[in-house]
Ligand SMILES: Nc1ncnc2c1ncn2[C@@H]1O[C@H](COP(=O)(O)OP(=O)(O)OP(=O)(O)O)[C@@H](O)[C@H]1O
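The data below hold one chain only, encoded as structure tokens and taken in the form predicted alone.
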Amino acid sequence: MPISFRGARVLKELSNEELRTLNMVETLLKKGEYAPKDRIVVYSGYREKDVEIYLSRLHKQKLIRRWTGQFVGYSLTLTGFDVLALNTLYNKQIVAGTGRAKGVGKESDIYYAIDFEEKEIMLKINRTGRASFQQVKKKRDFLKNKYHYSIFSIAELSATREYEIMLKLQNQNLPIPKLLGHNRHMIAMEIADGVELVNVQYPKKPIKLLGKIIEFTKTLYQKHGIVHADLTEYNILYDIDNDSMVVIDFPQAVKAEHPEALNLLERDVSHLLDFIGKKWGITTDEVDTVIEYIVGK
């Protein structure tokens, strides 16, 4: 499988010592904005001159950034963070290699990958931190009361939260992707068949499909206490051959007791009814009636 993901290409070229040094940089960044070189030496256990060589190589590969001020310090790059996550997923025998990109969005990148049985899988890489920090903090309740966060911690928190929500829903006979593993800002999962609803010309039975979406939303809310909060035509995959759907992307999901849960649920339902009505000419009950059905009133 051709490698197009830079983090995977670079990982193959790194020594164990360089990977350990990169890991030390990440560890020290949890204590400050930069990882001081002298602390990297202490934490790694390597000789100072060796650490300087490893840091130089990592910097040349653009896995870290160098800062000079009151001390010499280093920070990670996105590629460096990718390398650390991929290395862990490889060591756990979850992801054996990565391939071409399937999609690149504002908050995540999706790549095809292979597992250790040479089966094609998907790798979702959270990029939430690419957006404005302040906008992200307004939209993500997991950042409340957190004053120290970085582009890396935001991505990791978002991915971990999505993974935990989906893990709770696994084996519940719900149309969601099957999880394979998770580390830092990456989630490995089985490939979900179908295309985004926005690109579907006309489903076999549009009314039946709408019913499936509403029933999924109802089950999610009543049985599991969750609102998807981003249930759009881009996050529903439709497989015309099997007349089936899969719902993806759960990083914005909230619990039913969240103060904005009903507002988010109404937004999801209103948007989908509007989209399906305009695209396939299906008229439905009022949004309020559908919401009452979903929440069980």
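These numbers were taken from a predicted model, which means no experiment stands behind them. Start at 1 with the first residue shown and count on from there.
Keep in mind that the form predicted in complex with the ligand is not shown, yet the notes after this line are about it.
Undergrad: Might residue 184 be said to contact the ligand in the model of the complex, defining contact as any heavy atom within 4.5 Å?
TA: Residue 184: no, not in contact with the ligand in the model of the complex.
Undergrad: Heavy atom to heavy atom, is residue 73 within 4.5 Å of the ligand in the model of the complex?
TA: No, residue 73 is distant from the partner.
Undergrad: According to a 4.5 angstroms non-hydrogen atom cut-off, is residue 107 in contact with the ligand in the model of the complex?
TA: Looking in the model of the complex, residue contacts with the ligand include residue 107, since a heavy atom lies within 4.5 Å.
Undergrad: Please tell me whether any heavy atom belonging to residue 235 falls inside 4.5 Å of a heavy atom of the ligand, as the geometry stands in the model of the complex.
TA: Close contact exists here: in the model of the complex, residue 235 approaches the ligand to within 4.5 Å, heavy atoms only.
Undergrad: Here the chain is shown alone; which of 114, 192, 174, 165 has a heavy atom within 4.5 Å of the ligand in the model of the complex?
TA: Checked against the cut-off, the match is 192.
Undergrad: Can you check 244 to 252, 262 to 270, 57 to 65, 27 to 35 and let me know which stretch has heavy atoms within 4.5 Å of the ligand in the model of the complex?
TA: Going by heavy atoms within 4.5 Å, the stretch is 244 to 252.
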